[in-house]
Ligand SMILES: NC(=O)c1ccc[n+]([C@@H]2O[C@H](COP(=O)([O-])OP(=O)(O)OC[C@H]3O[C@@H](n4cnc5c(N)ncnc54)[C@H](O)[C@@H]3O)[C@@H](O)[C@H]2O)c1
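A lone chain, given as structure tokens: the form predicted on its own.
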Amino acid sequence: MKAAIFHGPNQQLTIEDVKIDDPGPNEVLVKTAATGVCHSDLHFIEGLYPYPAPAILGHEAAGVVEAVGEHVDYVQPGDHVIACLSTFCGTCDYCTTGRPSLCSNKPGRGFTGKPYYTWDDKPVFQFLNVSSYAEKMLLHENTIVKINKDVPLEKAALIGCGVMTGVGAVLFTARIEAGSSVAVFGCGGVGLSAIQGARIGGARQIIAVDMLESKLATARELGATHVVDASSGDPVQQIKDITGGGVEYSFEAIGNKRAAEQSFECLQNGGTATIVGMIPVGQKIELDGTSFLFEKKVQGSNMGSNRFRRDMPRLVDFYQQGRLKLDEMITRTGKLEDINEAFRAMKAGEVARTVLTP
């Protein structure tokens, strides 16, 4: 099969012929119908997060089951599925207490088992339990969720990471109250999804913050009631002017130190900032200590605190009901060979989401 190979930080991905193993016990072979190009992958390409090479990146995908291994009874060939990096074991403390996205015993072959993929007779590492920049994916069955066959797979793929991360951060991590005020820093795929989560959750004010007018326009289309151009002045002061003192909930969806600090600074007393973006390894954020006397809070969110076997079909329902907009988030489409151009466009701020169809 064809796959895009990651050779190490700050190198172009190359399209290569890769051998994929047959599914073993509890494994599923999935033909990749569509994969979103997520900003998280760019962090690894730029070396902000370490990962061994060679590897097949990509983790936001949907496809069709081609074959199943022994003991698999959840899906069968022909089923349509979404992949999710939040693989769960079902037996650890996190799983059994309802927090499977934090599973401490993720099943799979790992880095030391028989390789899922080989290239030039060398093992190729699986990325975040998925590796979707390829024509096929070999996945543990606890990495997929079955969906209805009438859902377009190029739209469903977005639910696999960006949409689940953004919507989930609002509805499942922060659990916003209806009628509340919300600010979202960053209007890429995750930020736009957080804006939609705030709209679905009944927020009264949804303030989108970005430095690009095109992204702010998309944010308005997807539910923002106000927009703040961070390139034209202090976004914290602009948010306080709009709200009369600050928001009840804020979400940082960039992975930027200063934006994370601003998401805390724009809170009203008693407010909660949720850091969703991937701040580079080793980097710290600085917060005003006295603010905690006024019960301001900051917290993290991992993949929207999802329970994906339950939550992703619900997001599919929202899409089919017209309450979750996915078509509007796809700025470009392409083939697997367009992967490097997709990352260039992402860095340039030209797209909300690119979807590739391997």
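One-based numbering along the sequence shown. Bear in mind that the values here come from a model prediction, so they are computed numbers and not experimental data.
Separately, the form predicted in complex with the ligand exists; it is not shown, and the next lines address it.
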property	result
4.5 Å heavy atom contact with the ligand in the predicted complex for all of 210, 215 and 303	yes
158, 253, 183, 170 - the one with a heavy atom within 4.5 Å of the ligand in the predicted complex	253
Residue (of 89, 230, 242, 72) lying close to the ligand in the predicted complex, criterion heavy atoms within 4.5 Å	230
Heavy atom contact within 4.5 Å of the ligand in the predicted complex, the stretch among 119-127, 106-114, 146-154, 186-194	186-194
Non-hydrogen atom contact residue 346 with the ligand in the predicted complex at 4.5 angstroms	yes
Interface membership of residue 165, the ligand in the predicted complex, 4.5 Å heavy atom rule	yes
Interface membership of residue 278, the ligand in the predicted complex, 4.5 Å heavy atom rule	yes
The ligand contact in the predicted complex: residue 352, any heavy atom under 4.5 Å	yes
